[in-house]
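Below sits a lone chain in C-alpha cells, taken as the form predicted alone.
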C-alpha cells in the first residue's frame, strides 16, 4: 500500500513537469526575446506568468480536492510531513510543490527553475537567499494582488526573476503551519487566504 500511494502522489508532479517542458518547447525558448537571439520566443514576464498559473492551479486542486477532502472524510489515508516513513500517508501540498521544482531543475530542457520561499520559513531551505528574493517577498506580502519582477546576477549568470504571493489556498495549508513543531513564538497565525510566502520563478537571460 505504501508504494502504491507514493506512486499516485508523484504522478501529478511528473505530469506537471512534462507540461511545462512542452510549454517551453512551444515558445521557441525559455522566454527569450526574438531581438536577443533571432528566434521567436515568449517574453520573460509572459513565460513566468504562464508557468506560475499552471503551478498554482495544480497546487490548489491538490490542496482543496485531495488533502482537505481526505481530512473531511476522516480517511485512513492522510497527508503527513513524514509521508516517506509512514504507511497510508501522502505528501503535503508544499512537499508536492517542492518535488515538482526538483523535477524541473533536473530537466535540462526546461530552462528555468522555481521555488517556494517565505519570510517565516519553517524549514531553513525555504529562506530567501538573495537581495531580490528578500525584496520580492516583502513586496508581495504587502501587496498580495501584485507580482514582483526584477533582474539579478547569481554566480555570473543573469536571471529574470519573478515573485508571486503564496497564499493559504485551503485550511490544510494554514492549519499545518499554525501547528508545526518548528513554529516560534513570534510566528504569525495564518488563516485561509493569508500570504504565507512567495513562489519564485527564475529564468536565465541568454
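Positions refer to the first chain, counted from 1. Throughout, rigid core stands for the largest set of C-alpha atoms superposing within 1.5 Å between the two forms. Here the structure is a predicted model, which means the values were calculated and not measured.
Missing here is the form predicted in complex with heme C; even so, the following discussion is about that form.
Only one of 41-49, 141-149, 155-163, 175-183 lies within 4.5 Å of heme C in the model of the complex by heavy atoms, and it is 175-183. Although the partner is absent from the chain shown here, 95, 123 and 126 each have a heavy atom within 4.5 Å of heme C in the model of the complex.
Heme C is not shown here, and in the model of the complex it never comes within 4.5 Å of any heavy atom of residue 110. Contact annotation: residue 132 falls outside 4.5 Å of heme C in the model of the complex, judged by heavy atom distances. Of the heavy atoms in residue 89, none are within 4.5 Å of heme C in the model of the complex. Residue contact with heme C in the model of the complex: residue 116 places a heavy atom within 4.5 Å of it. For the stretch 48-64, the set of residues having any non-hydrogen atom within 4.5 angstroms of heme C in the model of the complex comprises only 59. Fitting the two forms on the rigid core leaves the C-alpha of residue 84 displaced by under 2 angstroms between the shown form and the other one.
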